[in-house]
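Below you will find one chain, with nothing else, as structure tokens; this is the form predicted on its own, and questions on how it binds or moves follow later.
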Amino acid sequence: MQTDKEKSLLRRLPWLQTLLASLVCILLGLLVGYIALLIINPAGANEAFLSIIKNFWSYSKPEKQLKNLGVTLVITAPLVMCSLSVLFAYKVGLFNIGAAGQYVAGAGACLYCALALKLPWIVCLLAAILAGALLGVISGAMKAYRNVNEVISCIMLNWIMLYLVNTVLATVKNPTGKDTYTLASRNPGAILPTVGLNDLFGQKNMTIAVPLAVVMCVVIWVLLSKTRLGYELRATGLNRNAARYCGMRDRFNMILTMGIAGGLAGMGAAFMFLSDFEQWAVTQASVPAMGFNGIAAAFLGGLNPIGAIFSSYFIQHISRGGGHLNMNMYSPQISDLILAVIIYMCGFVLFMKKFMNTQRGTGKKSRKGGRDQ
């Protein structure tokens, strides 16, 4: 039973509710992963579990630890942006499952501008943002004017963009493989600036994408929490009819919301591909998981832009930790199992918060009833 003081603390600090709910999801995921390791090979389960948790700390040399930390941060930046895309739309009452397709659109735009048109990085970055925003606007307009469910339109657009981008980027594919050319070999000017971060981490792909992702989290938090526009967007999400009655442009707000959400996902793709960390495989037949993982990161972070930073890092940390397992005993997909359980449990984060609030309300009524008797 919670004491009155604990209930009061939870009531005053809603972020604490989110933290507790997220920690429960994480612990359950880790527990399932550990049980799986015990079932496969009990002798090495403890060591394997610690390897997943430690990730880059498994290395003995500090410079190698720092380099692998840099790799984790590089792949965290685009996930942070996809997480922001999902949570921004959700705050306005829309479920942006199209972050994956918007991420694809951003990847196609920035790589085509970089490899085919040989444009500088700033233009490629803007192209990725605009491409993602345009895809988001299409879903937003269909929802605003024809009441088409955004989930359905987003899913369809995800696949349309995948095959469209595959077709477009086939023109800049390396003839010796299935991937596009590297930026370093074709247009080094399209690579995002490193501003010394590559020297600090000993990782050539460490660019301004990492600090920019953090800055964007702060910007989105300020926009949603401290501005009139953010208030209008959230009001539209809570009750579209009431917002219209108060003179707010509900249709415009929905389109703008999806446009901003799409732009954030497109920026995430630019952070990945303009860092020259990986190339686009023009033969891939499935939508990249980054956009879908953004849904998990958004909910695990409690739908808070700042929380998205930590949840996104945690997901990528565990994902890369699977690579440190003893392959003779375990499959590296154990880390994927852990993440799958955590992702599944993320759906219960809001339920847990609601349960905490219900318990507080029940406690209040009980005390009031006791005084009345």
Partner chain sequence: MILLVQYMLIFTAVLMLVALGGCFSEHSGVINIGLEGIMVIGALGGALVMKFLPPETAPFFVVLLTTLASMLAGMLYSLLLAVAAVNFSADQTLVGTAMNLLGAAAATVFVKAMNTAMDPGNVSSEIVYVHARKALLIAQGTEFSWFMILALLLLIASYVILYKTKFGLRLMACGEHPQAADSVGINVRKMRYAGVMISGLMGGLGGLVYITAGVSAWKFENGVAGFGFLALAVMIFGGWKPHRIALAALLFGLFRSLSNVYTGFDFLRNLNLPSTVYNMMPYIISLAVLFLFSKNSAAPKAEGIPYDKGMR
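Residue numbers count along the first chain shown, from 1. For the two forms, the rigid core is made up of the largest set of C-alpha atoms that agree within 1.5 Å on superposition. Worth saying up front: this structure is predicted, and the values here are computed from it rather than measured.
Below, we refer to the form predicted together with its partner chain, which is not included among the displayed structures.
Could you confirm whether residue 195 comes within 4.5 Å of its partner chain in the model of the complex, counting heavy atoms only?
-> So residue 195 does not count as contacting its partner chain.
Any non-hydrogen atom of residue 57 within 4.5 angstroms of its partner chain in the model of the complex | Although its partner chain is absent here, residue 57 would stay clear of it in the model of the complex, with no heavy atoms inside 4.5 Å.
Examine residue 327 and determine whether its closest non-hydrogen atom to its partner chain in the model of the complex is within 4.5 angstroms.
-> Yes, residue 327 lies within 4.5 Å of its partner chain in the model of the complex.
Hey, in the model of the complex, is residue 163 touching its partner chain, heavy atoms inside 4.5 Å?
-> Yes, contact at 4.5 Å.
Is it the case that 97, 148 and 344 all touch its partner chain in the model of the complex, with a non-hydrogen atom of each within 4.5 angstroms?
-> Yes, all three are in contact.
May I ask you to choose, among 155, 123, 281, 208, the residue with a heavy atom within 4.5 Å of its partner chain in the model of the complex?
-> Of 155, 123, 281, 208, the residue with a heavy atom within 4.5 Å of its partner chain in the model of the complex is 155.
May I ask you to choose, among 38, 30, 69, 337, the residue with a heavy atom within 4.5 Å of its partner chain in the model of the complex?
-> Partner contact (heavy atom, 4.5 Å) among the options: 337.
Of these, 173-181, 101-109, 123-131, 292-300, which stretch puts a heavy atom within 4.5 angstroms of its partner chain in the model of the complex?
-> This holds for exactly one stretch, 292-300.
Does superposing the core leave residue 70 with a CA shift of 2 Å or more between the shown form and the other one?
-> Result for residue 70: no, shift under 2 Å.
Fitting the rigid core first, would the Cα of residue 306 be found 2 Å or more away between the shown form and the other one?
-> Shift of 2 Å or more: no.
Kindly check if the Cα atom of residue 38 is displaced 2 angstroms or more between the shown form and the other one relative to the superposed rigid core.
-> It does shift by 2 Å or more.
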